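Here we start with a single chain on its own, the form predicted on its own, put down as structure tokens.
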Amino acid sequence: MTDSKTKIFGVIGHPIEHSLSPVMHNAVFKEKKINADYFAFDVDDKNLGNAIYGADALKFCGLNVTIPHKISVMKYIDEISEEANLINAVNTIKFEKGIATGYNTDGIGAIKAIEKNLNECLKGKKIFVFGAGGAARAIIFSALLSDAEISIYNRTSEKAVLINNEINEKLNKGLKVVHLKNLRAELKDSDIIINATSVGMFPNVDKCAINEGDIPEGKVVMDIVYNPIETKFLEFAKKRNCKVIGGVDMLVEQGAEALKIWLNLEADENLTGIMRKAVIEKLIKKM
């Protein structure tokens, strides 16, 4: 039962009704007997600053930030972690002693999801990323910091070029920006292929970022979309004898990293197991 000592957490976005973060985090609080609650708040652009200042004034312990606020929220935060600065996006805020600190757990969440599934690190791996949005940026920066090689394809190539320029400036590293005519060859040359776009997300479950025949045989294929549990992209990849990693894995790992920041909880298999079970049960109920 919520009382004056209950730690309050939440996620802000617009729209927000699709979020499974409350289900995931509240499952941990219940299982671990932590006096805390996690809520979803629909916040539009014009009220973003008021939401952050209000959460601080009400002594919230932390917030997650989702679409479309991950970049715009940065101007309302007192301090920003090194990784969030590199990525230029914040998805996790910790309120402590009147200071709001911004972090980004998306990138490390994706990397951990891949490394746990492969049982090896990403150093030297060739990773192909579809997309140039916030999630793609986080994954790309974190993968480069893990010494992987990155190729990127985006329908609007200018966005991919901008990311490449920013990475050159911040990390003194580069990406391979792929054009449509070279897509098949680059995919074939990659070890890991990641859909970092929202293509295939519910309710557009029949959409796919790529034609089935363009997926090379035997690759590692990841989709950051977690609803549905198996996207059309992953369905096609299975038919091509690929090892698939679903979006639930990234959702859980980034959430576990947020709990580590807020409550110093160890992001171990016990914690992620509780979170994964809660998310999958909720998704199955929605089917």
Ligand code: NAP
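Everything quoted here is computed from the prediction, not taken from an experiment. The first residue of the sequence shown is number 1, and the count goes up from there.
Keep in mind the form predicted together with this ligand is missing from the figure; the text below concerns it.
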Report yes if any heavy atom of T197 sits within 4.5 Å of a heavy atom of this ligand in the predicted bound form; otherwise report no. yes
Please tell me whether any heavy atom belonging to L48 falls inside 4.5 Å of a heavy atom of this ligand, as the geometry stands in the predicted bound form. no
Using a 4.5 angstroms cut-off on non-hydrogen atoms, would N182 count as touching this ligand in the predicted bound form? no
May I ask you to check whether V225 falls inside a 4.5 Å heavy atom distance of this ligand in the predicted bound form? yes
Proximity to this ligand in the predicted bound form (heavy atom, within 4.5 Å), stretch among 232-240, 53-61, 245-253, 38-46: 245-253
Residue among K116, R155, K170, K123 with a heavy atom within 4.5 Å of this ligand in the predicted bound form: R155
Of the residues I34, I261, I67, V220, which one places a heavy atom within 4.5 Å of this ligand in the predicted bound form? I67
Partner contacts in the predicted bound form for 13-52 (non-hydrogen atom within 4.5 angstroms of this ligand): none
